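One chain comes next, on its own, written as structure tokens: the form predicted alone.
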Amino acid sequence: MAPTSVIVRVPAKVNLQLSVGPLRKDGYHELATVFHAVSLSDEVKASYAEPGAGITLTISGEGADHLPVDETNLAYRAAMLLAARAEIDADVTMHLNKGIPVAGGMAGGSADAAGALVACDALWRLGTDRDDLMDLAAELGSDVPFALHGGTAVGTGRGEKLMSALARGSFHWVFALADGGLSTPAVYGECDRLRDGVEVPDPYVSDLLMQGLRAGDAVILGKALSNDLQAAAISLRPSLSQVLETGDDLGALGGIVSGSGPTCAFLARDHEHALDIAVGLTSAGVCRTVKTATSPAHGAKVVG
């Protein structure tokens, strides 16, 4: 018997390294990045809808009031794309319960798209091959394939070409969330402006960072965190400098703007250290709120 609803949990990501190469002719940048899934997550629920009902989307949780519920939403587009590929009508009621910061550089929209692919595939009993799901994910956006993949992976191209990476043990994080988001295209544009006239090297993955992951060594990993978009994010949102300085003063092993920002990620020694950093950031009043998380986390996964 076909299920009447499916719930999928899908993780946020942090880019442990984001190396941004020159601007390509297609308007994208060649990237080398190390994706890492963390335990902050969204849940996507796909439920039966009457034939001909189309797609209905509702959203609750973190930043829900700021998100569209029509075809401009990436989860909505994911359901449409999957149905078109399967040559069926896209009839589904979807609900997103947001735990990932909106427009925070942690790929919440991409996570929802991945969750919608998995949930609708299960609800409609399509049995889509994993490789085909990854191809659909890449059509939707550069970060969507990793939300399906989870764990730790090296991304190349636009970030959509993934190779699994070994990460031992677990890591503890503190995320400082800001008021308002930052536009990813605007941050890339500012990065290009700041680098105008400078020869930009090809992107690469840090040997030190991979060593830290393989050893499960948070100290090494903290030293190796890097993000080529960080200067651009700070240029557009100067207050991020104070957030990063505060985390450093609180003894974080490393701090970084997550993706295109404005969320800042701090690596801690252990759970207690993460709580101390979170309390310190809150007391300093440098961010809207803080969240703690562990990593690595599973990719999009059916949980109900």
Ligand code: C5P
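Since the model is a prediction, treat every value here as computed from it, not as a measurement. Start at 1 with the first residue shown and count on from there.
FYI, the form predicted in complex with ligand C5P isn't displayed, but the following is about it.
- Just one listed stretch, out of 98-106, 170-178, 183-191, 117-125, contacts ligand C5P in the predicted complex at the 4.5 Å heavy atom level, and that stretch is 183-191.
- Remark: Arg158 counts among the residues lining ligand C5P in the predicted complex, judged by a heavy atom distance of 4.5 Å or less.
- In the predicted complex, ligand C5P sits within 4.5 Å of a heavy atom of Leu31.
- Ligand C5P in the predicted complex comes within 4.5 Å of no heavy atom belonging to Asn73.
- Contact check for Ser142: a heavy atom falls within 4.5 Å of ligand C5P in the predicted complex.
- For the options Pro68, Gly54, Gly27, Pro238, the one in contact with ligand C5P in the predicted complex, meaning a heavy atom within 4.5 Å, is Gly27.
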